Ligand SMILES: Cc1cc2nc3c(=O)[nH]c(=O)nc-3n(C[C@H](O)[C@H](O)[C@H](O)COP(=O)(O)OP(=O)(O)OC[C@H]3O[C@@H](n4cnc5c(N)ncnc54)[C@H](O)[C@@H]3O)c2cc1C
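Only one chain comes next, encoded as structure tokens, the form predicted on its own.
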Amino acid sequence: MTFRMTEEQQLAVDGLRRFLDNEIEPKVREYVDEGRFIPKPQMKEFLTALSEFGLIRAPFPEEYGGLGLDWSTHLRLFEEVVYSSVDLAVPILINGGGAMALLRASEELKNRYLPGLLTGELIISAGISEPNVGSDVASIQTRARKDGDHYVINGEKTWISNGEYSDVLICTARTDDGPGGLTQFVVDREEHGYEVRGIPKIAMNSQSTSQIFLNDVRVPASNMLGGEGEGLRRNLKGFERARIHMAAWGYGLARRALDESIKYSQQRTQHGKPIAGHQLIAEKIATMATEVDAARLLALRAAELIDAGVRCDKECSMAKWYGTELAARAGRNAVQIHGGNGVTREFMVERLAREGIIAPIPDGTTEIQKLIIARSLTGISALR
């Protein structure tokens, strides 16, 4: 495993960092600082601009518009976007996950959707969670009934990232009552239709988290991903990739909290010296810095295993658990370092703290990650 970036990676990260600082973050913060929703045309403009720097395209084959780069490079680029704005990073994460699912689709579906997803011209959602289904994906109740050469889908999905933006939905639905009876379908919003309603949250309201309603939605059988009954397996495989993205969400946000804390502690004086010179503040900064590096290394290890084609659900779960819990801790500590100023809107750490609270929940809670890790180590599952 290589701990230092290659020259090519460094150039890519530096170029992206400059672009984010100068062209993207100032525009995004006009929305985020006021809690305003980024309109779909503006979000697509952001995604299309970032695609020139390898987002979302880095780990995808060149034949579909990707760059054919490794996952380690992709994670380093993704971290930089998180550092600027989680609201911008989430659509990238979801588009990347959806595009990865479509790599295992028919050539017709790949050619129709992949190029647009990788450039940000199209936006995708993954319809998995339901009002009564969170971590227990096998209990999905949305139904897909065979009707000739189509399937008719009925159900409700919730906590769907990109929902209001989405041009297409990968919907997991039940085609059989058995334990393996889940199947994935590509639902085109314009062609097949579905209703969307936004969900207000504690933070990250400048991007879309939604409920999606499917009422007698007719989808051609050719829009099935894989065969009937493959939906659970395909979703679990997708979670593996999503979890290292979530890890990067965690340590990217924590890195921003750390940098804001360093800057503030150097400028703020109490008792005749900068607060960075007080031992308890110094301890918090040292701990945050060490944990950011540890979280990144866990994620890069998982990325290397993905590139090698090695099963790594344990390593991805470790990275996701540690990285996202770090986001919550780092946001809290950054507020504490800022004192009274930390709870004001004038300083961004109050927002980072709210965003950090969310991080441990998506793509499997911390508790679920621990169960996956333990199952991998003992061979005994506590999930069932």
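The first residue of the sequence shown is number 1, and the count goes up from there. In this text the structure is predicted, and so the values were computed from the model without any measurement.
In what follows, reference is made to the form predicted in complex with the ligand, a form of this protein that is not presented.
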query	finding
is_contact(residue 159, the ligand) in the predicted complex, heavy atom dist at most 4.5 Å	yes
Contact test in the predicted complex: residue 126 vs the ligand, heavy atoms, 4.5 Å	yes
Residue 21: touches the ligand in the predicted complex, heavy atom cutoff 4.5 angstroms	no
Residue 367, heavy atom within 4.5 angstroms of the ligand in the predicted complex	yes
Among 264-272, 134-142, 96-104, 220-228, the region lying within 4.5 Å of the ligand in the predicted complex by heavy atom distance	134-142
Residue among 67, 358, 28, 49 with a heavy atom within 4.5 Å of the ligand in the predicted complex	358
Heavy atom within 4.5 Å of the ligand in the predicted complex - residue from 73, 119, 175, 209	209
